[in-house]
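The chain below stands alone, shown as structure tokens; this is the form predicted on its own.
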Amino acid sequence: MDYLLKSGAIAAQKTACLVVGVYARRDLSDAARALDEASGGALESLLKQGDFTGQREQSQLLYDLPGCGCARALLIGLGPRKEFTLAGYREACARAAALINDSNPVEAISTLPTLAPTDADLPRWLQEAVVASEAATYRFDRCKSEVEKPKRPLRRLGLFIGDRRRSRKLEQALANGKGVATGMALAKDLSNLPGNLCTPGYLADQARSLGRKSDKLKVQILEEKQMQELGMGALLSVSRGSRQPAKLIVMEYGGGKPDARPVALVGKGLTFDAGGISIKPSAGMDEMKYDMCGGASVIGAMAACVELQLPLNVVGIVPASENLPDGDANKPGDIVTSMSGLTVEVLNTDAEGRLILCDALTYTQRFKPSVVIDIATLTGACVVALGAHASGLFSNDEQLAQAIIAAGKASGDRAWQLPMWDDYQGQLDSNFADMANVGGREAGAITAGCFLSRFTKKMKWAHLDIAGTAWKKGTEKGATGRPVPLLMQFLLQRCGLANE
């Protein structure tokens, strides 16, 4: 979809559909008030009939308002004015885009950005309008034989800024939003594909395809023989049970100065996780195609970097594998040697994500990153602790942790920091190896973070457990594209292009 800034008088906007917000109890927003005045009070008169009161999730389409240049006016309920927040604004933008996309207008103008509290807030609200609109109109239908697509989908959305002047900063906000949305869409596409299509090799091919689109992105794929030579015994122990060979996907984006240390993003790429010998229950196992959402988010973030041409160096690393039961698969009690030289007793083969991540994190050290963030659908314990609203955050550097929390808050893709005290490390003790790969039922998300921390002592590191945020269940089943918004906000902050 194309996005452009619109300014001037509301009544003069010539468009197939003009979106205006109305607060609860028919409390008109400034844009709705201007529309009402231009129409000689027709809007207020219609609202007095009581069909639309401005409650959240309400909407109403009006035709032929007198004195206005729009063919239709779409009223979006905002709820009580005092309770309206950026989160409510995102919902309103998403609802408007979805409604228009499923009706006739191919272009529209939204006045919702004028709800921004101050001029300083406008860039952030413009960016969020783009992200929310793209998310609302996203569809995954690649695997359906018959697809019912909107006959006249929304193709162009104007974002109204009132009498404010267009500026480079506002245009950058639109670009930021489109870049984030592009990364989210790619992450969703990869995550929603089934495991028989999205294999480790397929992920590698998608990275190569992305690399061909930009001379700033160098892509290298390490095969199992190369990983064996590097001593990646932990990663390769997971792929032994699969007929699909593991891949280590390495993406180097060089948008910054050649000598500038990069930000490293490491994403778990388990394209299917049956649990190995410690096999999972069959109910809901189909959702284990989403165990590569961490890797998908890294590839999505790299795509956004390419689109935005970020003036920053970023390294994206995705260890990709399957975890299946087989005669050659890991067995409970096996001991494997990681690339770092540390040995691991595999007490539970379903705790495989940390095994592929630990070798990838050790490999990341060669890039001398300024900071490294790993992203993984790592533990069900994190879902129990935080549900679907926040990703779990663990870090060995408080400044890095606070920057990630701030990026999550600004983007609406929130993270919550959990402790990683030395008290928990003892749960990983093993009688036979340097450590066990699980620490028991208690504090499962924390002990998983503690495990990874043993391979990141030489780096400023953070771990995001996205097991509860990466996909939705039930009737809304599908990937969310998180935490691409958080990662991109973090990267935009690092290079001074963020809208706070």
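Numbers for residues come from their place in the sequence shown, where the first is 1. Remember, it's a predicted structure, so these values are computed and weren't measured experimentally.
The same protein also has a form predicted together with a small molecule, omitted here; what follows describes it.
Inset, instruction - Decide whether R354 counts as a contact residue for the small molecule in the predicted bound form under a heavy atom distance cut-off of 4.5 Å. - result: Looking in the predicted bound form, residue contacts with the small molecule include R354, since a heavy atom lies within 4.5 Å.
Inset, instruction - Evaluate W471 for contact with the small molecule in the predicted bound form, applying a 4.5 angstroms cut-off between non-hydrogen atoms, and reply yes or no. - result: Yes, W471 lies within 4.5 Å of the small molecule in the predicted bound form.
Inset, instruction - Look up in the predicted bound form whether V438 has a non-hydrogen atom within 4.5 angstroms of the small molecule, and give yes or no. - result: Because a heavy atom of V438 falls inside 4.5 Å of the small molecule in the predicted bound form, the answer is yes.
Legend entry - Touches the small molecule in the predicted bound form: D291 (any heavy atom, 4.5 Å): The answer is yes: D291 has a heavy atom within 4.5 Å of the small molecule.
Inset, instruction - Could you spot which one of C70, A32, A467, I446 gets a heavy atom to within 4.5 Å of the small molecule in the predicted bound form? - result: Result of the distance check: A467.
Legend entry - Position in contact with the small molecule when the complex is considered in the predicted bound form, options G380, P150, G88, G201, heavy atoms within 4.5 Å: By the 4.5 Å heavy-atom cutoff, the listed residue in contact is G380.
Legend entry - Candidate stretches 97 to 105, 380 to 388, 73 to 81, 184 to 192 - the one whose heavy atoms come within 4.5 Å of the small molecule in the predicted bound form: Looking at the other structure, the answer is 380 to 388.
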